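There is one chain below, alone, in structure tokens, taken in the form predicted on its own.
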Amino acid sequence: MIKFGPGNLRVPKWTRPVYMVSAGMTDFRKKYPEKKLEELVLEAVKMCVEDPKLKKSAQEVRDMINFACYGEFADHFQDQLLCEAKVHDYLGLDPLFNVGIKTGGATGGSAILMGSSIVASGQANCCLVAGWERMDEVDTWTGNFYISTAACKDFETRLARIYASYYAPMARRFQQVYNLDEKVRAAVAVKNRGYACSSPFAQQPGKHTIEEVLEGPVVCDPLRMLECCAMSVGSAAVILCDEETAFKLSDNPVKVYIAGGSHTLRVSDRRDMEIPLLPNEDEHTYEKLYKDIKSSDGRWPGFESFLAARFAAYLTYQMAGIENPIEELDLVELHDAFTISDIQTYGDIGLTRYGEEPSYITSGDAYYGGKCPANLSGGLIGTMHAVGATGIFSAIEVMWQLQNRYDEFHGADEMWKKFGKTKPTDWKSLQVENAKKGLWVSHAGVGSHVTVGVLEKGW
């Protein structure tokens, strides 16, 4: 068993605190032919700098930016290398330095991690972070193949050339080891697509039943159509600042803590490791699990868990001073590219112990009104997976909840009209009452890169 050394588990120590002050995003669609990519990014950035709650004008906010981090998963989709430079120029931000970040599905979260590190170090005191994906310039099967090559082309890509084929055996293994009822997977799809009905940004909202999910067409056994996210087009952006700058711009900035982890692309080649223990766990927590794994010739993390997510959570909780996630977090936004990846993550970030993940759904804790509701945005299954924007979108949804602005962005008639949509007559507010802390996960591939971020009220 591989064990970590003390240096491996060092908790990041930032020189100064980092705050998120404003955010913006487009709606998300399967196709967006009427707007160029640069226009979509500009739309998200304009929403950032024109936020009516900011204490400076849009031009003054723009003039305070001194660094930019851009996230884009694949140049293939719009056939434009160094797309970040083109976007940066279109935004009128030359000669400010900018960097492009690519870590697969975790690109958005990694961009926020890099932007936060830039601010924390003193390299900048106001950093724009924007992410996007233009997935409509190729057909769906070509796009699926492009995405599948983010895994190891020598092994995983050969399975079926679609990402669902990587998660299907994980779903089978998890079901076998932890006795996961497929109805729990279906419940995740029902919940997240249902919550997306309250969002004008959502690509595929829907009111479904568990039976409807399970009777749907199989994408890759056992995963069915409604259990999978969609290819999306859209953009999202946030502004990160040091404390002094944050309060010059906003009366209600949120404090940022974020860290990341990585793991092999080859799921079937994961070596046996010890579980990094979260603050609410001790050396006895997983004694039985280790025995059960050994008796079935298994290993941790195996097919069942994501080491990168556990490692990122381990670091971030200590940065944020969180000792019991399910009790201290008011909401979470998880990377539900598939229902199974959503469920796998519950144990990784300590919402439950490993092996007890289904209880987070069956107990009601994951639902609006529950102990720690998950993916009130609709998540990736209900709202979007424009990959470079995804981790930013998830952070934005947490920030708006903490600022008590869910209704402002999701319930305003003008927001629905902006995207050419009609607000449902049965629209429901999903604002969490008095939310103080929230978490989001930005996840790549089969867990090759993961960031876990925590936001808390900074005022």
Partner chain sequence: MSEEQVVKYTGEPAKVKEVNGAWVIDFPRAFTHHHTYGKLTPYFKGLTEGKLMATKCTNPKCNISKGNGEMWLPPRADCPDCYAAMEWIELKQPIVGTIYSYTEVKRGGTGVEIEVPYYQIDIKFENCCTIPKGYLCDSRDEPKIGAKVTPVFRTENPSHTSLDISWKSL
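Residue numbers count along the first chain shown, from 1. Please read these numbers as outputs of a predicted model, since none were measured by experiment.
The same protein has a further form, the form predicted together with the partner chain, not shown here; the description that follows concerns it.
Participant: Can any non-hydrogen atom of residue 218 be found within 4.5 angstroms of the partner chain in the predicted complex?
Facilitator: Residue 218: yes, in contact with the partner chain in the predicted complex.
Participant: Taking heavy atoms and a 4.5 Å cut-off, does residue 327 contact the partner chain in the predicted complex?
Facilitator: Result no; residue 327 lies far from the partner chain in the predicted complex.
Participant: Report whether the minimum heavy atom distance between residue 168 and the partner chain in the predicted complex is within 4.5 Å.
Facilitator: Yes.
Participant: Answer for residue 279 alone: is it within 4.5 Å of the partner chain in the predicted complex, judged on heavy atom distances?
Facilitator: Contact with the partner chain, no.
Participant: If you check in the predicted complex, do 90, 197 and 207 all have a non-hydrogen atom within 4.5 Å of the partner chain?
Facilitator: Per the other structure, none of 90, 197 and 207 touch the partner chain.
Participant: Want to guess which of 220-228, 281-289, 125-133, 333-341 is within 4.5 Å of the partner chain in the predicted complex, heavy atoms only?
Facilitator: Comparing against the partner chain in the predicted complex, the contact stretch is 220-228.
Participant: Which one of 426, 34, 433, 414 is close to the partner chain in the predicted complex, taking close to mean a heavy atom within 4.5 Å?
Facilitator: When the partner chain is considered in the predicted complex, the option within 4.5 Å is 34.
Participant: I need to confirm a contact call. Of 139, 181, 244, 211, which residue comes within 4.5 Å of the partner chain in the predicted complex, counting heavy atoms only?
Facilitator: Exactly one listed residue reaches within 4.5 Å, namely 139.
Participant: Under the 4.5 Å heavy atom criterion, name the residues of 283-299 that approach the partner chain in the predicted complex, in sequence order.
Facilitator: Stretch hits, in order: 297, 298, 299.
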